[in-house]
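Two versions of one and the same chain are coming, encoded as structure tokens; call them structure 1 and structure 2.
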Structure 1
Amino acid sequence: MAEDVKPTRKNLMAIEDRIELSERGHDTLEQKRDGLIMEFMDILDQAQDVRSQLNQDYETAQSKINMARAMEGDVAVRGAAAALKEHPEITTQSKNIMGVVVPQIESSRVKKSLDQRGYGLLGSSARIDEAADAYEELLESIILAAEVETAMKKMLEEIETTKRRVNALEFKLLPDLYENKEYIEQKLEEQEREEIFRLKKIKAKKEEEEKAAREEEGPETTPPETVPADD
């Protein structure tokens, strides 16, 4: 990786800019992740309550319908079930938690009075009514659970992507950038040392040449000095 970049001062500056930006992004994402996890913990407590309520309601509803089946017969229960005219409906709205859009589910016509049910008062017994009541309650818990659990799923997805981004920055991008930066810095230092060495070499060579030139000139110019004085 490090060998892919050209060791120039321009690249070094660009990498330093990228490091700064990535570190800032990393900090921000880390804060986002921590915030999301805190929000998630709140929802988790809620979800556990909703879950236990749901399981309780399910057991009650099951025992009620089993009772109705035992006393009235399966056919009567099925007949009543097939006669229902009002149907529960749900409408979904959305809410924003730290950039995660979570649903808010509202329901209508879950709870029905006896005359709204449509299977008639005479044709059915109290046990079927009780079972229907229990299942209506169960439906309400289910709707609540659906809302909370969808919110949890969405938050979890967001936490996962944020975590992945934080990790990618921390363990891949930033180390690579630092490695590149160090590589360029070392290359540039190396180039500088080479440059100094070359200059020293050139200087030494020049000095040598000058010395040689002087020495060459020396014997020609010195004789006049050594001309013996005429006595």
Structure 2
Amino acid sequence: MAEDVKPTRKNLMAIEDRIELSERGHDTLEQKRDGLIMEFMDILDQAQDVRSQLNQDYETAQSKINMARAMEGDVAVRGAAAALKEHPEITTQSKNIMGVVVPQIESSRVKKSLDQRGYGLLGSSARIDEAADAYEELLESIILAAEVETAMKKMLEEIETTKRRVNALEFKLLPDLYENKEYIEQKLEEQEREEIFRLKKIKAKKEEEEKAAREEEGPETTPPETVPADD
């Protein structure tokens, strides 16, 4: 409330400094918000492509594994899966986008050659190999989707946080500061007018007192001239 602010020039200067600082902060946050939105739109486009590829890879993998089960049997498919010795490894790092730390996921040993899968050439078939290839592609798509969608979620959270800060400055803090500034300026103007009026009254009273003093003393008299006597 403006009425809670003591109307002094010191407070007025402090509020003007806060207004200047808040306006600069508001402009900076607006620029950050706009930059984040642009980055988010780029990531959103990428996420849509990744999600589409993920769905396609999933359908392909399901089709391949169903064909392998139908032609080779579940026992052969499960045996090939159990023969895997080297499992994929996932490492995570981070990167900074407009001040937002997002994950960067690196994978290794996802795609394997026939001899790396453990089941050997004799224990395999073309259909099992195709199913393994399809699921390796699917796993890579899942890893990429996890990275992109996590980045998108973090960017969206930061955009919402920045928007709330911009709105708080624009619709709450700055209006309150402007109101306080106007209130102090009005009060200082009133005090100045009152001071001028008081000084005028003092001056008028002093003049009246001086006039009354002169009247009490009466008109000034001059001594009569002396005429020399005749010899």
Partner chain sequence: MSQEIAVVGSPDFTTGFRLAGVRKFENVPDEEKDEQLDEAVSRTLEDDDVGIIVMYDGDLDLLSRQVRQSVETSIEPTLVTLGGGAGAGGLRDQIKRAIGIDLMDEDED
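What you see is a predicted model; the values in this text were computed from it and never measured. Between two forms, the rigid core is the largest collection of C-alphas that superpose within 1.5 Å. For numbering, take structure 1's sequence and count from 1.
Of the two forms shown, the form predicted together with its partner chain is structure 1.
Once the rigid core is used as the reference frame, the Cα position of K112 differs between structures 1 and 2 by 2 Å or more. Taking the rigid core as fixed, one finds a CA shift for R78 of 2 Å or more between structures 1 and 2. Relative to the superposed rigid core, K10 undergoes a CA displacement smaller than 2 Å between structures 1 and 2. We note a C-alpha movement of 3.7 Å at A132 between structures 1 and 2, with the rigid core held in register. Taking the rigid core as reference, the CA displacement of A212 between structures 1 and 2 comes to 4.9 Å.
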